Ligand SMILES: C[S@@+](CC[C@H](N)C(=O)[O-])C[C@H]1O[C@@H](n2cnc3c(N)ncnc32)[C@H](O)[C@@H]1O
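Just one chain follows, in the form predicted alone, and it is written as structure tokens.
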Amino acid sequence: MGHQLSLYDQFFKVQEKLGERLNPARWDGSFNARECSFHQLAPYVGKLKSGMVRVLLEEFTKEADVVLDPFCGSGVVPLEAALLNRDAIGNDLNLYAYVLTMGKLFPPRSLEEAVRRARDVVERVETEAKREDLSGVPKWVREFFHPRTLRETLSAFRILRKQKDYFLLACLLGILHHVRPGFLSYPASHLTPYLRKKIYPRDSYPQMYEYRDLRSRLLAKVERAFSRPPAMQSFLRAHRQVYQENAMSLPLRAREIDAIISSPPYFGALDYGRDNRLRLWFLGLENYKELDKILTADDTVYLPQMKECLAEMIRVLRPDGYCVLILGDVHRNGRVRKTAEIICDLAGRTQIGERDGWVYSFKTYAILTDEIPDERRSRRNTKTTKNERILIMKKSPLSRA
């Protein structure tokens, strides 16, 4: 029993020291005016705070390390890793997340190049848009746009998808819907696509339902995207890779990764397909419900799938490499799911044998808490996720196989 207590004492001592170094005050406040403007190419529900990610990278990695985010979402971790001269690998099954992360990691080399590419696209759009047939566009999509704007938007997506110009695709996704005049849609919410006709009825706000040209809006978006660009020479030297694979089976070699920093899906807190359904439709994914079947953290599949993901993280991580997961306590239907503790327990019971003859698992070093203020929640005045929990683990040998 005394030995058991000493292990607990050791855990809490480590946690206390990490808690002092990882004080949330280091990332409090808005980073919008301080972070690299590529972070703001397009919105994403559940986006990590870049200031927190930077602190975690500085604490648990060093220059030239290979950093993996197997659930990269909007690409905050791989982008910050590349900005800090780490090699960056992102992965996400969500097509929108893949396109957005690719756009951030593989941008034009300068504003001048970005503007030139955007002008080339809009000139083609203005020639070809009139031939776009709207009869095959679902009614729910047509409801968001003036017909002429919709033709231009369809034409631009068709051109950019064919060119695989992920940066301009991400910029276009970023101006797809909002109430502001710099966006393409009728009045709609920004993060998730809901029309706001009751708040802005057409009779009272006719100007919000007029034609919105793509040219001026896309070029203005490109200018904003380069308002605080990275130092391109060093940024482009970092190795950058993005995959669109299931995190249970990554196309990576064993022990290839120096550190993992990621935010896995929470227990049923977000519906990544539904929340991005309009953007996904323009990217060619017409049935967002199929994506939600894979990505939504349903109780029946969450734990077995996360166990497979944890085993894969152990496989690709080098021994003694850190795995830092940002998770959330989910409050729903009168139940509280302490995701960090659940994943911590699951990680401790996940083991894999390796060629060196050892069996490896994750050893937990700390679980730290950061309260989420209401202004940072994607859905305000809700109680779905009140805290972010930072689960800090290390790949450790257990015994000889």
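The first residue of the sequence shown is number 1, and the count goes up from there. Source: prediction; values computed, not measured.
Note that the form predicted together with this ligand isn't included here; everything after this is about it.
In summary, among the residues Tyr272, Phe167, Phe282, Tyr186, the only one with a non-hydrogen atom within 4.5 Å of this ligand in the model of the complex is Tyr272. This chain is drawn without this ligand; in the model of the complex, the residue among Gly103, Gly174, Pro193, Pro264 with a heavy atom within 4.5 Å of it is Pro264. Stretch 75 to 83 is the contacting one of 75 to 83, 214 to 222, 124 to 132, 282 to 290, since its residues have non-hydrogen atoms within 4.5 Å of this ligand in the model of the complex.
With a 4.5 Å cutoff on heavy atoms, Phe157 does not count as touching this ligand in the model of the complex; it lies far away. In the model of the complex, this ligand sits within 4.5 Å of a heavy atom of Ala247. Among residues of the shown chain, Thr149 is not one whose heavy atoms approach this ligand to within 4.5 Å in the model of the complex.
Proximity of Phe38 to this ligand in the model of the complex falls outside the 4.5 Å heavy atom cutoff. Looking at 30 to 48, the residues that come within 4.5 Å of this ligand in the model of the complex, counting any heavy atom, are Tyr44, Gly46, Lys47, Leu48.
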